[in-house]
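The chain below stands alone and is given in structure tokens; this is the form predicted alone.
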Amino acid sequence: MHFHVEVRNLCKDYPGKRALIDVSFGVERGEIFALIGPNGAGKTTLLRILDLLDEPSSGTVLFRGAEVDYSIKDRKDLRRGIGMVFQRTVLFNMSTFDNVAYGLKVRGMSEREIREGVKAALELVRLQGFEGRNALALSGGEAQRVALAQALAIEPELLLLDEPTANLDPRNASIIEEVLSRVNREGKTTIIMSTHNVFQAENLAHRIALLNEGKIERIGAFQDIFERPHRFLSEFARLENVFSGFSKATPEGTSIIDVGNGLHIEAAFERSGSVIVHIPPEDIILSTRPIVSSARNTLEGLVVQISDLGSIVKLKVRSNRDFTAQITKRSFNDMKIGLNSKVFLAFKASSVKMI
């Protein structure tokens, strides 16, 4: 049986840098295959080669078992069955309808087919009613969903995604993940995606490849890859709010975890012994005043870093340990937070995830 997509001994050289080194793997039809690795690992370069936008320096790409000829004609024919969503949304200064319809028009579809295709794609990403809105006036999350609708409207057999939910708020990220799961499950669409989000890879991908400095370190199911989380999470995932410590179960069915520097975190699971835990930044409540909450974990600290990501802002807060919290731009402006501002953090025991 042929793989749907296969690469053999792939290398890509740029002046002064080798971006990919002897990369080989195969992806079966209907599989979700995730590429995980730090910035500069080669993930985007690999996806651009699979999208036939760039040509490898050496090695082979096979599609449906046949070697890809990088001549203009062969490349054009093959790309008709490939959808690509870039990390930085690329949309035209026109209506949402016309953006989603673009690929269908290029393929010479009839007006009726274009209308039906756009309608179905926008319903899939939950943007029905947005047809007449200018795509460049949408929020970051909405724009990314339009880009996904544009890729899905052509009903691709292969869907490529480069960090599809990077810097999106939880709601838009969740919608995109649901769409990917659905088109894979119902349409058997083969999906190859890059992500920094280990939990996204765990939830969506059938297999994972760890890419580091242009080389594939390991390939396998999530459980196989992360059986030794200390090494791989620190090296590849770059997760925020990851702490290792010693856990003690409580009579209440929770655990108290000593993560060092005098900080104890309460978690909603029972475990005794060494653990690694993660608190998602979006699960942390942040305030400039002491927080009155049922949350089991509260602390105060100083803001030491501010990252403006458009509709959301990430704040690094130095307390007993460093925490990253994520809030909306509106909340950030309302609270008038600056560097060295004193803030209060709270998060529920159920937000503490064991890795």
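As the structure is a computational prediction, the values presented were derived from the model and not from experiment. Don't overthink the numbering: it's just position in the shown sequence, from 1. By rigid core we mean the largest C-alpha set that fits within 1.5 Å across both forms.
The following text describes the form predicted in complex with another copy of the chain, which does not appear among the structures shown.
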Another copy of the chain: the contacting residue among E252, E178, D224, E116 in the predicted complex [heavy atom, 4.5 Å]: E178
Heavy atom within 4.5 Å of another copy of the chain in the predicted complex - the one residue of I219, I256, M109, V259 that qualifies: V259
Among 62 to 70, 293 to 301, 326 to 334, 26 to 34, the region lying within 4.5 Å of another copy of the chain in the predicted complex by heavy atom distance: 326 to 334
F243: touches another copy of the chain in the predicted complex, heavy atom cutoff 4.5 angstroms: yes
Proximity of E202 to another copy of the chain in the predicted complex, heavy atoms at 4.5 Å: yes
4.5 Å heavy atom contact, I355 to another copy of the chain in the predicted complex: yes
A268 within 4.5 Å of another copy of the chain in the predicted complex, heavy atoms: no
Residues in 266 to 290 with any heavy atom within 4.5 Å of another copy of the chain in the predicted complex: S274, V275, I276
Core-aligned C-alpha movement of S247 between this form and the one not shown, 2 Å or more: yes
Rigid-core frame, C-alpha of V317, shift of 2 angstroms or more between this form and the one not shown: yes
C-alpha of I279 moved at least 2 Å between this form and the one not shown on rigid core: yes
Cα separation of F199 and K316 in the predicted complex versus here, shift of 3 Å or more: closer
In the predicted complex, whether the C-alpha atoms of H264 and V198 sit closer or farther than here (change of 3 Å or more): farther
